[in-house]
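Only one chain comes next, encoded as structure tokens, the form predicted on its own.
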């Protein structure tokens, strides 16, 4: 009797060990959303692998086809889930399609597992039935339908509306000009605004900025932004360099290309570099650096002004221009004002 009980206990332990060992083995499985489909339809082919969390594995790499006739339309992401029993579950969904009717075998998908990746876990093969739409041959063949006219949208009409308006405006202007010329009447044009030289505008704006004392009010970033905006606009107006839309490096390259003197190039580079440090690197310059940038900007504008303007200002005994000179050129000047011809 005792031997019989011992045998039962040993048998139970052996069964438990066998089940545990089997539960720890890698298991590969697959499923289809459906076993039958129409030509060109898309269905899901779901792959799953379960194995211990510490077991290495290699997931198969799929190309554009599963077989010669079964195409892969989309490869989903590989999702990993850690299970409570110490197992790891990996899932991936493939979207497949077939463009010919018939029966197709989806072969087993193999997964390499184990320390040396020499253990193979495979899914079961599947049979996929692809059929075509039934055609009633007793009915007469109907002609192909023509294209269906879609209503025009406002977005499609808008460019044409702008074109028509532009043509009408040009036509009206030409007609007005023709009528005036035919009657020998003078054509009225707006009187051009006086133009102030770029260097005088820049010096005036720098003086305004100096008097605002922004960096003394701890508005350092605004101070350097305004300072570089004046210099950039001056480069645009004086030399045709599109500095307001350029980076500092692009501005320096353009300045080199027009052969500015080395002294002025150094001044311009120091102004731009310090401004970039303040605006982008949150650098806090010492007071002397703030004043130096203003002086460098002023010297840069004066040194690069047209030679005739510099000569006139030196004959007046000062490098500074007078308010009366500005008043003669233009009553009011702002940075954004265009210099009309």
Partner chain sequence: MIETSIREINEKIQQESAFIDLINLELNKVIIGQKHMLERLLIGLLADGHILLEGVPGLAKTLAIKSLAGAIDAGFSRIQFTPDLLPADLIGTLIYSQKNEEFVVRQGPIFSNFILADEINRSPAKVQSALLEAMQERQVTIGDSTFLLPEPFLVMATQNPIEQEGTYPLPEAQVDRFMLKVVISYPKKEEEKMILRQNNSLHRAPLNKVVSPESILRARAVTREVYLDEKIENYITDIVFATRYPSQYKLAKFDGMINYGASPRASINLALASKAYAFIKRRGYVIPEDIRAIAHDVLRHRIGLTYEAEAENITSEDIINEILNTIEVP
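Positions refer to the first chain, counted from 1. Owing to the predicted nature of the structure, the values given are computational and were not obtained by experimental measurement.
What comes next is about the form predicted in complex with its partner chain, which does not appear here.
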Review point. So in the predicted bound form, does any heavy atom of residue 242 sit within 4.5 Å of its partner chain?
Key: yes
Check your understanding: Does at least one non-hydrogen atom of residue 250 fall within 4.5 angstroms of its partner chain in the predicted bound form?
Key -> yes
Point to revise | its partner chain contact at residue 200 in the predicted bound form, heavy atom, 4.5 Å | key: no
Check your understanding: Using 4.5 Å between non-hydrogen atoms, is residue 283 touching its partner chain in the predicted bound form?
Key -> yes
Exercise for review: With its partner chain left out of view, choose which of 195, 93, 89, 221 has a non-hydrogen atom within 4.5 angstroms of it in the predicted bound form.
Suggested key: 221
Exercise for review: Would you mind picking the one in 246, 214, 106, 265 that has a heavy atom within 4.5 Å of its partner chain in the predicted bound form?
Suggested key: 246
Practice item. Name the stretch: of 57-65, 42-50, 274-282, 294-302, exactly one has residues whose heavy atoms fall within 4.5 Å of its partner chain in the predicted bound form. Key: 274-282
